[in-house]
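This document opens with one chain alone, in C-alpha cells, the form predicted on its own.
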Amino acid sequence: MTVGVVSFLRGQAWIWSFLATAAVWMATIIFTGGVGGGQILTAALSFAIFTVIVGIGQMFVITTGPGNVDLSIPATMALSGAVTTKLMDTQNELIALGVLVALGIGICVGVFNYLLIRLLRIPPIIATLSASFLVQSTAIAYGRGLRIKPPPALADFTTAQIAGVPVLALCGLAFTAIMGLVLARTMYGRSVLAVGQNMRAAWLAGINVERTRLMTYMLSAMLAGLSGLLLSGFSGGSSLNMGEEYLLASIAVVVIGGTSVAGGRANVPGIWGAALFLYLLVTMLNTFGASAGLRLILSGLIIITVITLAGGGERKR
C-alpha cells in the first residue's frame, strides 16, 4: 500500500509543491513554538498572488515547447506600474481605465516579443530579453523616478482581508480555476498543449501554430501588466525595480509546480503550491537565523529536491 501511495504521489507532480509548502510552514511554526502561524500564512498568500499571476502567463509560454520563455515580465510590470499610477493619479474613478491601459501595454509587449521571434528568427530567450531592455528603458523615461500613490480604492482592494485571507488571493484562486479550464477545455488551451508536444504535428493537424504562439506571448505580457498595476496598489506606488524578483520566480514556480520544461504538459494548481513554497522557504530560513550565504545554499538544495521529486512521474512516463 505504501508503495502504491508513493507511486501515486510521484505521478502527480503538482502535489510535491504543496507537500513542500506544508513542510516548511510546519518547520517554521515548530521553531517559533506555534506563534504567528496564521500571520505567516496570511503574508504568504498576500505576496504569493503576484507570483501566481505572472507564473500562469509564464507557464503557458513554457508549455508551447523547449526554449520558449518570457524574460520581459519584470520590465512589463515596471512599465505598467509607472504608466498606470501616473495615469490614475490617485483618482478612484480612473481605476478601470488603468486596468485597460495595463492590459493594453501587455498586448503591445506580447506582440513585439512575438514579432522578434517570428520575423527576425531570434530565439525566444534572446528576443524577450532584448525586448525587456527596451521596455525597461521606456519605463525609466516615462517614470523619471517619480513615485505616485495609487488610488485609495485600489490600495484598499489589494490589501483587504476576509477572516485573515487576502481578498486578492481569493480572486487569484478563482482566476487560477478559470485558467485551468481554459487550458483543459478550450480550443486555445488544447492548441498550446499540442504545439508544445510537437509543433509540426500540431500544424499538420490543422492547428494555427503561429496564432497560438502569438496569443500565448500576449497572455503572458498582459498578466505581467495586470500584476504591475496590482503590485503598485499593494506596495503604495510603482517603482522601476518592482518586477526584478519575478524574473526567476516566474520560471521557478512553473518548474517546481510540475510543468514540463520540454513543453506539452502544464500544471495550473502547482503554480500556487510553488509560489507559497518559495515565500515560506525564505521565511523559514530567516526564522532559523541562517546567514545570507547559507540561505542561498539551502534554498537551492531544497528547490532541487522538490523539482527532482516532482519530475519523477515524467521520467517514468
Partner chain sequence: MTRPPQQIVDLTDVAMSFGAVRALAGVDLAVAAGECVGLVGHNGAGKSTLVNVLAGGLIPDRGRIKVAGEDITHRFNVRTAHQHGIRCVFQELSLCPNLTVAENARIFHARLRGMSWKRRAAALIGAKLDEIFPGHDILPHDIIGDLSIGRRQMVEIARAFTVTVEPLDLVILDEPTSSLDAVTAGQLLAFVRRQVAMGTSVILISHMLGEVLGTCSRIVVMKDGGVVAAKPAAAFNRESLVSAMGTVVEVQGVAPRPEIAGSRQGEVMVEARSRRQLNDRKLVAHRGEVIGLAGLAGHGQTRMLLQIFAAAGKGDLFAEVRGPVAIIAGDRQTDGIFPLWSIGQNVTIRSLRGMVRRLLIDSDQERAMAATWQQKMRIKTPNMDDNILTLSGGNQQKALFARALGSDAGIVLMDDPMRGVDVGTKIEVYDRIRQEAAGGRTFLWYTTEIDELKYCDHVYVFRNGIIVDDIPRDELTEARVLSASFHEAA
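No experiment lies behind these values; they were computed from the predicted model shown. Residue numbers count along the first chain shown, from 1.
Just so it is clear, the following notes concern the form predicted in complex with its partner chain, a form of the same protein that is not shown.
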Checklist entry - Which listed residue (Leu181, Leu100, Ala153, Leu94) meets the criterion of a heavy atom within 4.5 Å of its partner chain in the predicted complex? => result Leu181
Next on the checklist: Please tell me which of Leu168, Met222, Val83, Ala194 lies within 4.5 Å of its partner chain in the predicted complex, judged by heavy atoms.
Outcome noted: Ala194
Next on the checklist: At 4.5 Å between heavy atoms, is Ile207 in contact with its partner chain in the predicted complex?
Outcome noted: yes
Next on the checklist: Can you work out whether Ala174 and its partner chain are in contact in the predicted complex, taking contact to mean some heavy atom pair no more than 4.5 Å apart?
Outcome noted: no
Checklist entry - Is there a heavy atom of Gly263 no more than 4.5 Å from a heavy atom of its partner chain in the predicted complex? => result yes
Checklist entry - Does its partner chain come within 4.5 Å of any heavy atom of Phe157 in the predicted complex? => result no
Item to check | Within 4.5 Å of its partner chain in the predicted complex: residues from 38-67 (heavy atom criterion) | outcome: none
